[in-house]
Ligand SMILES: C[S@@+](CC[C@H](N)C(=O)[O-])C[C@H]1O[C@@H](n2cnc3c(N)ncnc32)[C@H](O)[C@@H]1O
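Encoded as structure tokens, the following chain is the form predicted on its own, with no partner shown.
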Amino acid sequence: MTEGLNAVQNNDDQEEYWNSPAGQKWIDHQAEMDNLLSTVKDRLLEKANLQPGEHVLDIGCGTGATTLEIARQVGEGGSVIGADISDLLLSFAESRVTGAEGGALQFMKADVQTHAFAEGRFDAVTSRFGVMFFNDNIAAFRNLARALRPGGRIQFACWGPFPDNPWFTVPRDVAVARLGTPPPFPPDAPGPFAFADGARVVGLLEEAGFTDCQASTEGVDLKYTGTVEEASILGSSLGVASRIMSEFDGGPEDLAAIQAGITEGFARFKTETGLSVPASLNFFSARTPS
């Protein structure tokens, strides 16, 4: 059943990226990102409906927040493997394990397009923003289907349409106004918004052999408990503004101007406890044939 896996192209470019200073930024801002994305994690796991004793694979686990919560949910009789392509992020995730998480917990370096997981090993596969970076989506989903037991399920969350996500559009617009418009990025290329088209992703899942494939677009508020100024630093450090800065060789004055512009743009989301930024998310679910 593992024949042909080695013929699939590895995600070498993604491995290089997430082991670079770009990956280190996620570690540097781990607490802030866990805070910001906690509502996404909670909604994803609510939909996944994991049960005590289940065995779960968490894809693109990054710094480990979702994997750690899954371990608590599946309990002593269950297990979870957090898989990621970045040694850098995995090392940090492992440092967060306290031993009090509950279920058996393991972090593993794995390119899920090609890794030979034991056939039928898992009851469920989950991912919070970790599946949009495959260079061969069909191969990756077929490999995940093979790793699931008959009737096993997959549940993952991705960003919805770019224009409906001000956490991205505000920094992008400010950076473009300051430095210029970067070359267009193919909408289906690996990246944060590769799965913004829900119907396309349902088709990929079906082609990979999944059944009962469903997509829903939902609004979720991203909660940030820091100041608007702190949020602007985060928004300029990760994501599209950072890429535009790199593309145009922006300097310290550009960075200061971009952060000031993001602060102004984010001000409308300020609340008594921080920021509440509306986001559009796509949630996907499917099963393997029983």
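Counting begins at 1, following the sequence as shown. The model shown is predicted, which means the values in this text are computed figures rather than measured ones.
Just so it is clear, the following notes concern the form predicted together with the named molecule, a form of the same protein that is not shown.
Trainee: Just to confirm, A124 within 4.5 Å of the named molecule in the predicted complex by heavy atoms?
Mentor: The answer is no: A124 has no heavy atom within 4.5 Å of the named molecule.
Trainee: Please run the contact check for F248 against the named molecule in the predicted complex: heavy atoms, 4.5 angstroms, yes or no?
Mentor: No.
Trainee: Since only the chain is shown here, I'm wondering whether N137 would be in contact with the named molecule in the predicted complex (any heavy atom pair within 4.5 Å).
Mentor: Looking in the predicted complex, residue contacts with the named molecule do not include N137, since no heavy atom lies within 4.5 Å.
Trainee: Give a yes or no for G152: in the predicted complex, does one of its heavy atoms lie within 4.5 Å of a heavy atom belonging to the named molecule?
Mentor: Because no heavy atom of G152 falls inside 4.5 Å of the named molecule in the predicted complex, the answer is no.
Trainee: Tell me, out of I262, C61, L234, V240, which residue has a non-hydrogen atom within 4.5 angstroms of the named molecule in the predicted complex.
Mentor: Flagged contact: C61.
Trainee: Could you tell me which one of V174, C158, V112, L205 places a heavy atom within 4.5 Å of the named molecule in the predicted complex?
Mentor: By the 4.5 Å heavy-atom cutoff, the listed residue in contact is V112.
Trainee: Going by heavy atoms within 4.5 Å, which of 194-202, 128-136, 73-81, 207-215 lines up against the named molecule in the predicted complex?
Mentor: The contacting stretch here is 128-136.
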